[in-house]
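Given next, in structure tokens, is a single chain: the form predicted alone.
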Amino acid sequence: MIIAIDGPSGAGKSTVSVQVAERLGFSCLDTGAMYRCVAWFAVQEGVALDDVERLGDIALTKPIRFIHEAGNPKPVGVTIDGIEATREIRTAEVDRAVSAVSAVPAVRRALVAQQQAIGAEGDYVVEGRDIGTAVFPDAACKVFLTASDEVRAQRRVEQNRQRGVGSTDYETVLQDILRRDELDSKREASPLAAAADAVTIDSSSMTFQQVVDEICRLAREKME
């Protein structure tokens, strides 16, 4: 079974997905980390963000692998072409590059194929921006998780502070989120959008546990 959780940057998809997976005994697939890996690799190699041919080649030929620990639904690390990039893909530099990279059709085709192959192996909570619309359109449970711009920026700042990676300046983070929203929503390849059959959850005034409870409730309904 696939639980698809889509939504804009900073909506809390990653942390919510982990808790939902833990409760239901599922595994997590962080598709955003895969796009970040390609973006990071491109930056390290000096590849221009408008060089769609080379970006597509990276996504197609540089394998991405997640590092797992027994009993933990969330991968503890990620590698691209055998290079661990777990912390490196969470920097502000990658934040600024990832939308342009993920908008490249060849990149999306390569990574979606990998994501579908992983999802076919078992029960997954999969989060991203086009999971319910493009990657797993037949997912049993679809959620579009969102929140106000201000709340998303505050959450991202706190997240960056806790992990010690990325900007902790509120205005910088807010502007990055707004810019990424525009890029993700207007891109030609699988733009950010709620699937027609997704349940929209606005978490602006909800606690973390309330969001997790609601998604678990929706998922269990589909399991019956």
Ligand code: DC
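Residue indices: 1-based, along the sequence shown. Quick caveat: nothing in here was measured; it's all calculated off a predicted structure.
The protein also exists as the form predicted together with this ligand; that form is not presented, and the subsequent description refers to it.
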{"property": "Interface segment, criterion being heavy atoms within 4.5 Å of this ligand in the predicted complex, picked from 164-172, 35-43, 56-64, 194-202", "result": "35-43"}
{"property": "Non-hydrogen atom within 4.5 Å of this ligand in the predicted complex for each of Ala4, Val20 and Lys74", "result": "no"}
{"property": "Contact flag, Arg108 vs this ligand in the predicted complex, heavy atom cut 4.5 Å", "result": "yes"}
{"property": "Interface membership of Val143, this ligand in the predicted complex, 4.5 Å heavy atom rule", "result": "no"}
{"property": "Partner proximity in the predicted complex: Arg155 to this ligand, non-hydrogen atom cutoff 4.5 Å", "result": "no"}
{"property": "Proximity of His68 to this ligand in the predicted complex, heavy atoms at 4.5 Å", "result": "no"}
{"property": "Residues within 4.5 Å of this ligand in the predicted complex, restricted to 125-157 and counted by heavy atom", "result": "Gly128, Arg129, Asp130, Ile131, Arg156"}
